[in-house]
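Only one chain is given next, in structure tokens, and it is the form predicted alone.
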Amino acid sequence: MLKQSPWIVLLAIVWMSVAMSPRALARQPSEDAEMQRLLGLFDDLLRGASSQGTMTMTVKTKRFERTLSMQTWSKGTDKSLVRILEPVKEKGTATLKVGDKIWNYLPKVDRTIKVPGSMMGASWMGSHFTNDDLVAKIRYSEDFACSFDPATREPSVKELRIDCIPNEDVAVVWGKVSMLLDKASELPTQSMFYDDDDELVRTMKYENVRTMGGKRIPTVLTAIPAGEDGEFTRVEHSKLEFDIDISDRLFSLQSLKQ
């Protein structure tokens, strides 16, 4: 149920089509510039021209608990590859994303399977992520109309809240996304995802801020589905490099099997 690249994961300035609305006209230019800057930082927090890393994903549901160690590669927002390293019984299982298409490789049967459109909403690796989450390329600074919660603008409040509504032409399942940013670091601490009826569906927490790949980033992201006590999917980055040289050949069906 998450919307991340490949996770994970989770997270606008007002477009010209919205800029002439009464709400937009009421905003000061400096407020719009601040909104653009903060959302740009959020959009690019875990992104680069390319990236490579290792991470651990822990999934807990009412039925099971499992932990997977993975290696990940990405290039832009269109290409990503995830390969399982542990446990041994699942080693080599991999997922390739190119554009809006996804393939899974199953080493036990030496078979590559293209994920059909009807399965895009299905769980990925048993987690609270879906296949659709892996192909999402939204940017809050471009695809949403956002506004500050006035109450959190007060100097005494340590976290700033931004509420974002998707543009009509943006294909997302959320009716609203609200994020909390730590004012001191300008890093996210939490995002809340709501449906079209304004009911909370999922919460994403951002924790354990460290320097990786030259960036100060939250290295632990936890997705918590609403109404499912004790369930979560937690992604912990142990290594993450940005803007490195990665060949396009890595993101191929041939490479998926290697």
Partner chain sequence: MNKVFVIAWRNLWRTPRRSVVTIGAMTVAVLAMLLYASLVEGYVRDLEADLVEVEVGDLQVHAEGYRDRPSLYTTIDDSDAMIASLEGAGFVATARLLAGGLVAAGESSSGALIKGLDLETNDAVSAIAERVDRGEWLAASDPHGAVLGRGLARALAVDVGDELIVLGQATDGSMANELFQVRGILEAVTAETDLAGVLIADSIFRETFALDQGVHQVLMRRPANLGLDAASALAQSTIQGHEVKTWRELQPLMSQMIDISRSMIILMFVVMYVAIAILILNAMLMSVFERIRELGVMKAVGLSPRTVLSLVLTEAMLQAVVATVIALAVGAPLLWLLVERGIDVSGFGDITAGGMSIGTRMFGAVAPHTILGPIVTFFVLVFLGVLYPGLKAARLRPVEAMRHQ
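Bear in mind the structure is a predicted one, so any value in this text is a computation, not a measurement. Positions refer to the first chain, counted from 1.
One more form of this protein should be noted, the form predicted together with the partner chain, which is absent from this view; the next part is about it.
For the three residues 66, 89 and 116, a heavy atom within 4.5 Å of the partner chain turns up in the predicted bound form in every case. Residue in contact with the partner chain in the predicted bound form (any heavy atom within 4.5 Å), chosen from 187, 106, 157, 85: 106. Taking a 4.5 Å heavy atom cutoff to the partner chain in the predicted bound form, the contact residue among 125, 145, 98, 136 is 125. The stretch in contact with the partner chain in the predicted bound form, judged by heavy atoms within 4.5 Å, is 56 to 64, chosen from 216 to 224, 33 to 41, 56 to 64, 199 to 207.
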